[in-house]
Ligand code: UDP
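Next up: a single chain in structure tokens, the form predicted on its own.
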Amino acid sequence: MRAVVTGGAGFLGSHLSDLLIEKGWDVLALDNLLTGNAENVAHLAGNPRFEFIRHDVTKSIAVDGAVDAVLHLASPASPVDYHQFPIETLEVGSLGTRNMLELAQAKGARFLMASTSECYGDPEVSPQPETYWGHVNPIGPRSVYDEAKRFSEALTMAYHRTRGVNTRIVRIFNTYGPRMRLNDGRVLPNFVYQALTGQPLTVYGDGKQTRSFCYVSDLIDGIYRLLESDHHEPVNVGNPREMTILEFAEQVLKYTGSKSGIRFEPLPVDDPKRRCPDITKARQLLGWEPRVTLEEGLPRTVEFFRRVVQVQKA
């Protein structure tokens, strides 16, 4: 079996490539390295099951040979990135998604679209089930990511309904683990970096907004189970353990051993007040639920970031 993974040098794409190879797949990873990092797949160099091509998926690409699955993970995925690259984010969600759907159709391959909990916007329902249509500001600063993913989902379902492409959609909730970027801009890298360098942890608003954190190995397992399923509509994959940002800050301070304080800043525009997945569907359809607790996953992630900070200081 052979898979094309877009965003293959990214945080999630590189872990997915690892799992696919472990399962016996050959992997062709595509990434333009706008937010990806070639070091994430450096350990796969020379592996006969792995090939990397630097490519922008908003441009079409001819892939020789058979392809059994196309997994489309390419996209800036943090506020820092999609605020810096708003047009590129919209293009990878539209042009990039269409190019990969065309590739899947041409090869008769399964197609998996990596969507996001951001489709729910600032939700008025919690936890968020897949049946919830969301509460999204279509012209706000976050909309370039939210609407790109919502469009991607619509395009994916259109190819399924009208062209018979064998599609799947995973809605990914906050995920963490090794290979995240220090300058990612999301709450976990921010907190861990600040804690390790003795800076106050930046909490936006009053810190009572909630998030739910899923360890990367659990997320990737859920994606693979969905790929192997026959379900075409969106499925939430995330950890339903919900906590406030202030509670999470306390956990980061605990596992870093840091004496950093907390600095409060104004809440960004359209920042979600709650984020918690309803994973009933994933449990029933995929037999999936998260296994790695925050108490297990956070220390692993802290150690990864500790090594990165040490390298930067050297």
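In this text, residue numbers run from 1 along the sequence as written. Everything numeric in this text was worked out from a predicted model, so none of it was measured.
Note that the form predicted together with the named molecule isn't included here; everything after this is about it.
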**OP:** Would you kindly say which of 108, 134, 185, 129 lies with a heavy atom within 4.5 Å of the named molecule in the predicted complex?
**Re:** 185
Original post:
Which of these residues, 289, 247, 271, 51, gets a heavy atom within 4.5 Å of the named molecule in the predicted complex?
Top reply: 271
**OP:** Indicate whether residue 209 is a 4.5 Å heavy atom neighbour of the named molecule in the predicted complex.
**Re:** yes
Original post:
Within a 4.5 Å heavy atom cut-off, is residue 191 in contact with the named molecule in the predicted complex?
Top reply: yes
**OP:** Tell me, yes or no, whether residue 151 is in contact with the named molecule in the predicted complex, where a contact means a heavy atom of each within 4.5 Å.
**Re:** no
**OP:** Indicate whether residue 196 is a 4.5 Å heavy atom neighbour of the named molecule in the predicted complex.
**Re:** no
**OP:** Just one of 197-205, 228-236, 121-129, 157-165 has residues with a heavy atom within 4.5 Å of the named molecule in the predicted complex, so point it out.
**Re:** 197-205
Subject >> Members of 69-84 lying within 4.5 angstroms of the named molecule, judged by heavy atom, in the predicted complex >> reply: 79
